[in-house]
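Single chain ahead, by itself, as structure tokens, in the form predicted on its own.
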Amino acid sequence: MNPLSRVLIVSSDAPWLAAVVAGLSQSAAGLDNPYGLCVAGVATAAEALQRILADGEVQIVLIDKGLHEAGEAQPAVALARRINQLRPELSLYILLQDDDEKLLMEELASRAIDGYFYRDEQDVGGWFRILAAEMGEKAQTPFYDRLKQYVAMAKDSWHTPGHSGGDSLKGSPWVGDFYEFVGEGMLRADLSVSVPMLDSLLHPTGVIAEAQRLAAKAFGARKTYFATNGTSTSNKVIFQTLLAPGDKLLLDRNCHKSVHHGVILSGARPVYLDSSLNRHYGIFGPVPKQLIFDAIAANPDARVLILTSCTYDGLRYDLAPIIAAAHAAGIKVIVDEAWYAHARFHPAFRPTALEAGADYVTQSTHKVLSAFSQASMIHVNDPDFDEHLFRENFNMHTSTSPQYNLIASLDVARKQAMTEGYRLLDRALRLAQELRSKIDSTGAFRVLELDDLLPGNMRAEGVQLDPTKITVDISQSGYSSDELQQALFGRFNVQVEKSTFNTITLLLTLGTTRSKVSRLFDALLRLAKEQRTPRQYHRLPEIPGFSRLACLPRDAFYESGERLPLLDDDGLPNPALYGRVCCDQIVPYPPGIPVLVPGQVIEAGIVAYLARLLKTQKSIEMHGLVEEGEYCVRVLRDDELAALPSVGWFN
């Protein structure tokens, strides 16, 4: 299938516009045109904006500097800025009369403009070649192309990995099926750092460096780094770059567990911010804005603030005022955008964290774009960025034998997001709206909207919902969440993203199709027609507020400690745990929010909460508890606690 790339020309000079459209179209037909460039013209800024929002094939826009718009002093500048706000991935060129106009454009809109042509030259053949080259740069995949080139060279492998391009597997009566399942291309591309022409992820100077440069441009970052062990590792790398032992940071208690692990590894001193909670659905939301502002004011020595936006359920902060307040206090801001890597490529999702001013952003490119699992990106906009220190920490966590197929998938995912991300996301948004309506029509299932998901005190916070994450209330269906997931999987071949005790979550991506929507709706409709009696659900008990730290999380984690049972001999919450200091991170999953972190003082309410979860929520995994025939909690011995130097910081 050949690509289609539309060039849109905007000019109020009708005869000139017609001539240029005809000339460029003739060039497209007669010259080499690998990207399928075709040309259309519109006369007004309004028509141009309408076209770029309606047509996902538009890739390049040429704006006549002489464009006339009633009441607009610089209509070409205004249009360029507006297009850049809506679809920053589009390439913008300005058609000028003279050099004076170029100086004016560079002064007013230089960041939005990719190039210039002189209107009266009308060298349409030359213009076409430049536009084709522009598309060629956008469509580059430097690393993936070089990887394919190397595989095609069919070099004999006398280096790692041991399967030697799949030769150890091919034809084997025992494991030959794995070769067939994975495919020759994947195995031949599984190479090592012994191949210099493929560059080094740990010290990139060639095709990996070029691929990262293109990604930075695509996502609006000063620097971008590819990560092959997910956003979990990416968060830890940034923490160790920005935080020395004892440095204070503010963090959302709702953050991914990798953030809390980063606290341990960096030796930082955390100030935990309790997130909002919708008890009715067991869904955790953002930290209230005022709580963040108060924490910033109360901790002038804090170095870092980290937030998650959007959350697993699609809730995203109004980030700009929060980031502005942090920066005013000299605090760097990290935003975990693991679930929001697609946001840059459709105006319905923007602004992104980078656009809102974040210094560091981590993204799980594999979650919502077309990269392989574990393939992530780190984006940097920090004006004080210490690249050497970052590189040292990056290399500390990155394998010296990275999986090259993961790197190639990041290259390809960036290309797709730039060239057809808008069109595919627009489709996903339309399908999300259609699916919402269909699910609601079943009578037994209902899609939760923003006001349903947010606790009441959060509804004036400017929080928004990513519409590609659909949370469905299953209360009226008569199914438990486990039963529903089993029925969808076993009877209808449908796998959902996650669940709580009375909801399921569906994730729409670039790969969502109308056929999938139809099959899902059919499954839910059939289940609804069974007309089961609605269930009474045991609500998730409310997570206790954070108690306090007795020492640095790192100090508690690295002590041996002792193990005390969670329940006493009568099966009740064990009072021997009250007042003790936890050594581990205790995380009920779902929802994945730490109830205890290393160094935290254990209170009676926390023990009661964990005990109740074990009794009433059988499907919940309890990460961090020791299983020795009974559940135990690892806590500091009194002598260990007394000897820790950080104890004095928290008294």
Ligand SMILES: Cc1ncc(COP(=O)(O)O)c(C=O)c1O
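What you see is a predicted model; the values in this text were computed from it and never measured. Residues carry their position along the shown sequence, with the first being 1.
Heads up, the form predicted together with the named molecule isn't pictured, but that's what we're talking about next.
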Quick one: of Gln212, Thr352, Ser376, Ser409, which gets a non-hydrogen atom within 4.5 angstroms of the named molecule in the predicted bound form?
Ser376
Contact assignment for the named molecule in the predicted bound form, among Pro204, Pro142, Gly230, Gly314, heavy atom within 4.5 Å
Gly230
Segment that reaches the named molecule in the predicted bound form - one of 544-552, 112-120, 178-186, 337-345, heavy atoms within 4.5 Å:
337-345
With the partner left out here, if you bring back the named molecule in the predicted bound form, are Arg436, Ser477 and Arg526 all within 4.5 Å of it by some heavy atom?
no
With heavy atoms only and a cut-off of 4.5 Å, decide whether His280 touches the named molecule in the predicted bound form.
no
Would Lys367 count as a contact of the named molecule in the predicted bound form, using a 4.5 angstroms cut-off between non-hydrogen atoms?
yes
Evaluate Ser275 for contact with the named molecule in the predicted bound form, applying a 4.5 angstroms cut-off between non-hydrogen atoms, and reply yes or no.
no
is_contact(Asn393, the named molecule) in the predicted bound form, heavy atom dist at most 4.5 Å:
no
Which residues from 248-286 come close to the named molecule in the predicted bound form, meaning a heavy atom within 4.5 Å?
His256, Ser258
